[in-house]
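The form predicted alone is given below as one chain in structure tokens.
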């Protein structure tokens, strides 16, 4: 026969005091968070909810005009709008190309900067210079590089190509600018990930006779996988929502060949004053980006397990 020992319940007063203490800590936590939450609510959550509401109306950027609820009418128009699908295709090419090529270039640069090179500190500083430059300045700088008459690129190649006005070259030209612009932050994140890999793993691989390539493939990439998933996801979101850089470079031209979805939404809102339809464009793109990220992250998590 086994005796059962029951632990006596704590006094009721002790439990009440503990609940009061937790409640007080919760109030203090919210009070400390309030200065940060108020600006987020006013300048992010509020406009977001307002934009979602506009997507289901016939709102226009005109004075003294009543706005009425139209349900999914804007969405139906979106599905049959050839110009939207054209901009969506261009945006997909831009987003995937810039994200993938940017990652590959940044990975190579991070591996180089992780080596024990001479003047490595100076090289690391120079590598992040584009990160400190505003998109407008970058756009103006690259417009000078691509200038058909005075551009340095044509001088080097001995050509007179108008890179940003050519129907077949404009999109690849701005993709190059997008890669150059976004590479620094990707490089910094990957470099931080490389420095977090234990050196003992490389020493063990070297003892086992693994070549440099095998150590990279079997040690570096698996160890960097969480970092790669995080930074490529963020890069894709940033790239697909790019506006200022491309607007300065081409304003969506020539003939809409570089008109990304955000540029198309901007034109609908401010050139044609279709605020409701432009809001639906933004909402649709947000849903598409979230769906792509969900599929990508879900696949990565399944492979990790």
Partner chain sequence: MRRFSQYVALVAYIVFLAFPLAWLLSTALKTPREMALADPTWIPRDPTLANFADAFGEQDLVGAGLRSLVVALFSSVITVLISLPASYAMARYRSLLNRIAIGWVLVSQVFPFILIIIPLFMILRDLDLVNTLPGLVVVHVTFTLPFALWMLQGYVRAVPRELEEAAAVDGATRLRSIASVVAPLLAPGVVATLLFSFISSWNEFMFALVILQNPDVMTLPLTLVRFTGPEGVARLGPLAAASLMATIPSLIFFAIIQRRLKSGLMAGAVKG
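Since the model is a prediction, treat every value here as computed from it, not as a measurement. Numbering follows the first chain given and starts at 1. Here, rigid core means the biggest group of C-alpha atoms that superpose within 1.5 Å across both forms.
The following text describes the form predicted in complex with the partner chain, which does not appear among the structures shown.
Visitor: Between 96, 112, 204, 78, only one gets a heavy atom within 4.5 angstroms of the partner chain in the predicted complex; which residue is that?
Guide: For this set of options, the contacting one is 112.
Visitor: Considering 134, 222, 209, 198, which brings a non-hydrogen atom within 4.5 Å of the partner chain in the predicted complex?
Guide: Result of the distance check: 134.
Visitor: Do residue 119 and the partner chain share at least one heavy atom pair within 4.5 Å in the predicted complex?
Guide: Residue 119 belongs to the contact set for the partner chain.
Visitor: May I ask you to state whether residue 48 is within 4.5 Å of the partner chain in the predicted complex, using heavy atom distances?
Guide: So residue 48 counts as contacting the partner chain.
Visitor: Is residue 254 a contact residue for the partner chain in the predicted complex, using a 4.5 Å heavy atom cut-off?
Guide: Output for residue 254 is no: heavy atoms all beyond 4.5 Å of the partner chain.
Visitor: Answer yes if any heavy atom of residue 30 is within 4.5 Å of a heavy atom of the partner chain in the predicted complex; otherwise answer no.
Guide: Because a heavy atom of residue 30 falls inside 4.5 Å of the partner chain in the predicted complex, the answer is yes.
Visitor: In the predicted complex, do 54, 65 and 145 all reach within 4.5 Å of the partner chain through at least one heavy atom apiece?
Guide: Per the other structure, all of 54, 65 and 145 touch the partner chain.
Visitor: Just one of 86-94, 69-77, 223-231, 164-172 has residues with a heavy atom within 4.5 Å of the partner chain in the predicted complex, so point it out.
Guide: It is 223-231 that comes within 4.5 Å of the partner.
Visitor: Under the 4.5 Å heavy atom criterion, name the residues of 244-274 that approach the partner chain in the predicted complex, in sequence order.
Guide: Heavy-atom contacts to the partner chain in the predicted complex: 244, 247, 248, 262, 265, 266, 269, 270, 273.
Visitor: With both forms fit on the core, has residue 39 moved 2 Å or more by CA between this form and the one not shown?
Guide: Shift of 2 Å or more: yes.
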